[in-house]
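First, one chain by itself in structure tokens, the form predicted on its own.
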Amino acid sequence: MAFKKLAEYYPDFIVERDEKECNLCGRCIRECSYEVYEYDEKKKRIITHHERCVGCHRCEVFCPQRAIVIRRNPSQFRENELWTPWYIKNIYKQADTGGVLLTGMGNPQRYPIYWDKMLLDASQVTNPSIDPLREPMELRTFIGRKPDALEIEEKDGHFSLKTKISPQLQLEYPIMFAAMSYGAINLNAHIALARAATELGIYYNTGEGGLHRSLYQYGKNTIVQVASGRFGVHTDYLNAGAAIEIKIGQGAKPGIGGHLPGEKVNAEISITRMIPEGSDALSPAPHHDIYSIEDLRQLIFALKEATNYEKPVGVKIAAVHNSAAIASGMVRAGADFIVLDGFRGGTGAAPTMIRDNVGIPIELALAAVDQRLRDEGIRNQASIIVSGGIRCSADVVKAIALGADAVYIGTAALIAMGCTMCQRCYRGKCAWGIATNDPKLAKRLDPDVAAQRLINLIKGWGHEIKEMLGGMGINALESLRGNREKLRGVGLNEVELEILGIKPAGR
């Protein structure tokens, strides 16, 4: 008896085609990278394979007749609070294949989003607001280790700084583009990120896939990453960037390694990552030379030594229950900045059950880490960067008020470039030309257009941040950092308010 895949009978999406409007131009066939459509010569009509649709909406957008609409499958299972359609379909898929469920992007489950449960306080009469259109507003921030005190030297009536400052990253906006590796996204996407970062005076992160040679020219606005697989890591690479980030973990899959399928490893990626073409790029779960804070310290200073102590070196970890203690050890090990990645953080590929059930919200981890470093008197020794679910300028402002120096955005940057969140990045067939290395599909992403859209996004957020700062009576980002008096909680219990270190609204 033939083995039938039950999952194919329950597609997630249904393609509705208006046969009266459709002129059989075949545009949908050409645009769909998942082969949802095919032309039937005998019937003289386009056949739709609904089970292949991932909901990317590209065919819908590019249909010249507007004859296509993508909808969620209206077919319903019997109502059951425990056995929802999502779990039933997942069981069908694993019963069909015997494999691990894979997915892309961040955790979509209905856990609390604490950004939405915090409100910003505003100024009124006694502490008047500031109009950013008429008064200067400072968004510039610096990432790196700060001294405990400054010594000023006077000579012949002139004052100069005697204290030697550690290497710093200067950001014109408190926002950077998060680590997304070459391979997980293609060269056109990396070019767009690099150009936008350079234009904006911020930084983008290479991710763990190394740095394509054509992007070395953007090194002054590049953060290079050293992950467990050490793909593409060599002296030239380390010296090409403005800072180095050691990746221990990421929010979408804490405690496990990474996987770039061999079909995505073409000749250029092979050269950049220094692995054979067509081979799987497997990142181990741990760094095999880091099993203690002392081991981490050794790597931090080895990287500083390799770059002549001219670049800040940071460490990235996933937000987990003991992040505060880990962060304290990282700072004492010599990290110049800490990156906390929350469980909403995106990814190119992760086991679905890991993505949706491991890690903690970035808001709670950030507050705990900032408070721990303050309590130990070492907060000035490292900057804090947070990522994982930063959706808008208000999230940025709230993160800074909770204690962050800056934020990373990954998913928001991809959406700005055209991503529709279909969560199938791992298949390498991205219809929008972002998470694919197929030359024909990659051409769909124009790096010039994508870069401009990223620039527009950050500039728009920048205007909104200034307005929010002005409304709080603050004229510089530095005055907001860790200023939790500017936050109030709504709908939070006492434990959550205590961890966040904020007061309830009305108090």
Partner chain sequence: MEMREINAKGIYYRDLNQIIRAAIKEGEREFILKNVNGQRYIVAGVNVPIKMEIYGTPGQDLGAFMKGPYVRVHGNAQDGVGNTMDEGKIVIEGSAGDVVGYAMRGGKIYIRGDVGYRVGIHMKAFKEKVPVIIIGGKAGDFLGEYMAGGIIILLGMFSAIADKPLTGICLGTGMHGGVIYIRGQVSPHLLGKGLSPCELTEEDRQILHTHLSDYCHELQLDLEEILQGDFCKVVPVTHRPYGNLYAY
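Residue numbers count along the first chain shown, from 1. All of these numbers come straight from a predicted model, not from anything done at the bench.
One more form of this protein exists, namely the form predicted together with the partner chain; it is left out here, but the text below deals with it.
Review point. Looking at 152, 271, 122, 113, which has any heavy atom no more than 4.5 Å from the partner chain in the model of the complex?
Key: It is 271.
Practice item. Could you check which residue among 231, 177, 432, 218 gets a heavy atom within 4.5 Å of the partner chain in the model of the complex? Key: The residue in contact is 231.
**Study point:** Joint contact, 377, 391 and 502 to the partner chain in the model of the complex, by non-hydrogen atom at 4.5 Å
**Key:** Negative, none of the three is within 4.5 Å.
Practice item. Mind telling me which stretch in 393-401, 177-185, 93-101, 377-385 gets its heavy atoms within 4.5 Å of the partner chain in the model of the complex? Key: One stretch meets the cut-off, namely 93-101.
**Study point:** Non-hydrogen atom contact residue 263 with the partner chain in the model of the complex at 4.5 angstroms
**Key:** Residue-level check for residue 263: yes, a contact with the partner chain.
Review point. Is residue 308 close enough to touch the partner chain in the model of the complex, meaning at least one heavy atom pair within 4.5 Å?
Key: The answer is yes: residue 308 has a heavy atom within 4.5 Å of the partner chain.
Review point. Quick one: is residue 289 in contact with the partner chain in the model of the complex, heavy atoms, 4.5 Å cut-off?
Key: Yes, residue 289 lies within 4.5 Å of the partner chain in the model of the complex.
Review point. For residue 426, is any heavy atom within 4.5 Å of the partner chain in the model of the complex, or not?
Key: Residue-level check for residue 426: yes, a contact with the partner chain.
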